[in-house]
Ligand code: GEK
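Okay, here we've got a single chain as structure tokens, the form predicted on its own, with questions on binding and movement later.
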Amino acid sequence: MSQQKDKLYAKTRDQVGRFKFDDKVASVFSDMISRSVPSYQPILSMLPTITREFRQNGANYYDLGCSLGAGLHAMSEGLKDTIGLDDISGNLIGIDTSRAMIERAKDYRCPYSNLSVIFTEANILDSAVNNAAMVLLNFTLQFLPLESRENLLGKVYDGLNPGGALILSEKICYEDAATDSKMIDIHHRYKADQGYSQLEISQKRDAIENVLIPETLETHINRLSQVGFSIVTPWHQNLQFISILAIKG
């Protein structure tokens, strides 16, 4: 299914409803996230390298909240034969509650015969994680209820094999109000530079308010440490969009 340019908020709406990952969003999602999240493409470009570092033969590789499956595509590149390494067999598992996203994600045909690709429409809070070499939560946790986040990360930790890794990418907020406000201003300017109008920026912000709930970097690091990860460190940041590497000892 082809991807369209994001014009969902280009016309004035009498009432801006809550943001949903429905068919309209799925049809423009690649354009929307690339023009809205400055960290998105750089994170994807590094995933093959990170996957090669943590790959284990016969293991599972999860993308929780996979949307269109771009994270799984990137991880698959880290499992193919490269620089003299043998192919690694494994299962690439993408899970998302959005039927519209999963239907499009299923169009992906992995070119590597050693890998199985499974896309499932399900709630990641109810989904099992096991025999995992690597788990990706790429701008997903921020959409979940606050009270469910620690339990999900604990489940991920338990399902990772020793030496396995979690990549957690999130939009963060800042405790200092002035800093938080300025970072938001710069982010809105970034979106304007990508071609979004002030109307689009304003209406999208209204739609996503109370749907995307950001937390501070310290909150994320403390929670990951509390569930058991032995190494927890930010590895990429652009504005308030950050990605954290957490390793199970």
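All residue numbers are counted from 1 along the displayed sequence. As the structure is a computational prediction, the values presented were derived from the model and not from experiment.
From this point on, the text means the form predicted in complex with the ligand, which you will not see here.
Hey, in the predicted complex, does Y9 get a heavy atom within 4.5 angstroms of the ligand?
Flag for Y9 set to no.
Does any heavy atom of Y40 come within 4.5 Å of a heavy atom of the ligand in the predicted complex?
The answer is yes: Y40 has a heavy atom within 4.5 Å of the ligand.
Non-hydrogen atom contact F139 with the ligand in the predicted complex at 4.5 angstroms
Flag for F139 set to yes.
Within a 4.5 Å heavy atom cut-off, is I167 in contact with the ligand in the predicted complex?
No, no contact at 4.5 Å.
Residues in which of 65-73, 181-189, 215-223, 52-60 have heavy atoms within 4.5 Å of the ligand in the predicted complex?
Of the options given, it is 65-73.
The ligand: the contacting residue among V129, I124, V117, A133 in the predicted complex [heavy atom, 4.5 Å]:
Contact with the ligand in the predicted complex is made by I124 alone.
Contact residue in the predicted complex, chosen from V156, M101, L79, L92 - any heavy atom within 4.5 Å of the ligand
It is M101 that has a heavy atom within 4.5 Å of the partner.
Select from 7-40 the residues with a non-hydrogen atom within 4.5 Å of the ligand in the predicted complex and write them out in sequence order.
Read in sequence order, the residues that approach the ligand (within 4.5 Å, in the predicted complex) are F21, F29, I33, Y40.
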